[in-house]
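Only one chain is given next, in structure tokens, and it is the form predicted alone.
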């Protein structure tokens, strides 16, 4: 039987965001936008969804006079990402 995939992480952009954040201490909005190629509006919506689920934290502030949004993965996000990857590996192994 195949394990259930987390529907929140099954979105391409949300999975990309969590993947990026799993490998860094933090990332700002501009960096995430550049790495994912997402529009600012779509990126903002997906960040809000991940934050609402408790998978990431979002800190809004300023760098000089420019607004800056910084994201970090939470322990719950790290666990959800690890579980998602483990589940995907089971799907891949089934085809062998």
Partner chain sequence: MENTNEKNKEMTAQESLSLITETLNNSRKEITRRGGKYFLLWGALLTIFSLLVYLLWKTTGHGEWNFLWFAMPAIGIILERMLRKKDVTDRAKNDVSRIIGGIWAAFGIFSCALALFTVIYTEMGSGLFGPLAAALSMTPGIISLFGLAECITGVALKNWTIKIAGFVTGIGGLSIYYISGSTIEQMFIFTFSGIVLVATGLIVKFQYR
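Just so it is clear, the model here is predicted, and its values are computed rather than measured. Residue numbers count along the first chain shown, from 1.
Just so you know, the form predicted together with its partner chain exists too; it's not on screen, but the next bit is about it.
Trainee: I'd like to know whether residue 27 contacts its partner chain in the predicted complex, with contact meaning heavy atoms within 4.5 angstroms.
Mentor: The answer is yes: residue 27 has a heavy atom within 4.5 Å of its partner chain.
Trainee: Please determine whether residue 75 contacts its partner chain in the predicted complex, using a 4.5 Å cut-off between heavy atoms.
Mentor: Output for residue 75 is no: heavy atoms all beyond 4.5 Å of its partner chain.
Trainee: Would residue 57 count as a contact of its partner chain in the predicted complex, using a 4.5 angstroms cut-off between non-hydrogen atoms?
Mentor: Judged by the heavy-atom cut-off of 4.5 Å, residue 57 is well away from its partner chain in the predicted complex.
Trainee: Residue 12: heavy atom within 4.5 Å of its partner chain in the predicted complex?
Mentor: Answer yes; at least one heavy atom of residue 12 falls within 4.5 Å of its partner chain in the predicted complex.
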